[in-house]
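Shown here is one chain on its own, the form predicted on its own, set out as structure tokens.
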Amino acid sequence: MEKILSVENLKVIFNTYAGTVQAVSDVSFTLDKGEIIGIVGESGCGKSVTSSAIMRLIPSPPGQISGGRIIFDGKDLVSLDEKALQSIRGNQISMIFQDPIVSLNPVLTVGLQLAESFMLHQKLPKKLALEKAVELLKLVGIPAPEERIHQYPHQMSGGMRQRVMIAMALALRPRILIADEPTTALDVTVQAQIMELIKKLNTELSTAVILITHDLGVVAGMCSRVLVMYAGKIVESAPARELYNSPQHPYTWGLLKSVPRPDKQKAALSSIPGQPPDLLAPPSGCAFMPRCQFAMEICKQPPKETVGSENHSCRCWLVDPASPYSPGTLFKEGEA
């Protein structure tokens, strides 16, 4: 497969009055042409910050990409100036944001917002750009698109607004689409329709997709590869089938156990005890240690990345063959 994006040792910090927040630390992954990868994890683990960093949309101040490289089409996006980035954002890399009612401009019609990409990047006249906007609304399944382009965002339902966001992201046939929680606050039926649309466009346009979500069920049906993030780091990475069949990290076990299963309707859902660490002062060892029932003395040291079969990597001492400890060597209660 053709590799089109490579994120290498990405670090993102936020300078606040309370101190420096280590939002993303040493994140690395690649994306192939036409591939769909999923990034999962709890709120605050760094998923959305990672995607914003790829688009170079980290607000500065207080945010800053403090290290690493983002290689796209042979160029390091971290070092590009704003003018060079404008030719890439929306044109070759696009993003569907979490909340369309916040992301769409309330004082402009949907048609004008869609036409803007064509007028800016392709220098099309307004009339022709609006015609292309109608075609986009047809593409994403919005009925009566000739009428809808004259409507404002508040005149549409949540599902339609999300489809408009997808249409905007796909306007110029980008090579990479970043979908950041594209089904947030939508009902189950609309969620299924949105996911079906993204999958269809991925197949027809060979657009690579980075899907950021909490929904592990969606990831199972959509993605070929999954990255599990915790406390700003990727703690496990594997092909989707391998991850679901043989998860290695205790955090991944906890995430999977919290998903309702139709074959175990009477089984109680489990939760992960405790809270994520304070990234103002991240722990020196394994960040998941205070919440892990398998915590060991060696977990006070940073875990190394262990790569197994099927390109399955994990940052946990439990799977490190060099670890002299076993899951039976636990911390005493309260010591973690």
Partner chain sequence: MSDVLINVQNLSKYFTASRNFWGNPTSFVRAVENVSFQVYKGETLGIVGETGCGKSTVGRTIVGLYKPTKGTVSCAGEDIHTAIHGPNAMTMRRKLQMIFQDPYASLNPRMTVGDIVGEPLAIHKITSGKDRQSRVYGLLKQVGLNPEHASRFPHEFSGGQRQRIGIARALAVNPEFIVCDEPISALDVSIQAQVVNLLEELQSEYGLTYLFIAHDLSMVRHISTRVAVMYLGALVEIAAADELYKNPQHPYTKALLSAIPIADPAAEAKRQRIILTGDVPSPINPPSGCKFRTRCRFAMAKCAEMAPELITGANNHTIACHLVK
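Remember, it's a predicted structure, so these values are computed and weren't measured experimentally. Positions refer to the first chain, counted from 1.
As for the form predicted in complex with the partner chain, it is not shown, yet the points below apply to it.
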*Would you check whether the partner chain, in the predicted complex, lies within 4.5 angstroms of a non-hydrogen atom from each of Met160, Pro260 and Ile272?*
yes
*Heavy atoms within 4.5 Å of the partner chain in the predicted complex: which stretch among 81-89, 211-219, 167-175, 118-126?*
211-219
*Arg241: heavy atom within 4.5 Å of the partner chain in the predicted complex?*
yes
*Give a yes/no on whether Arg291 approaches the partner chain to within 4.5 Å in the predicted complex, heavy atoms considered.*
yes
*Quick one: is Val188 in contact with the partner chain in the predicted complex, heavy atoms, 4.5 Å cut-off?*
yes
*4.5 angstroms heavy atom contact with the partner chain in the predicted complex for Lys264*: yes
*Could you tell me which one of Ile71, Leu108, Ile101, Ala192 places a heavy atom within 4.5 Å of the partner chain in the predicted complex?*
Ala192
_Contact residue in the predicted complex, chosen from Glu147, Glu135, Asp76, Glu196 - any heavy atom within 4.5 Å of the partner chain_ = Glu196
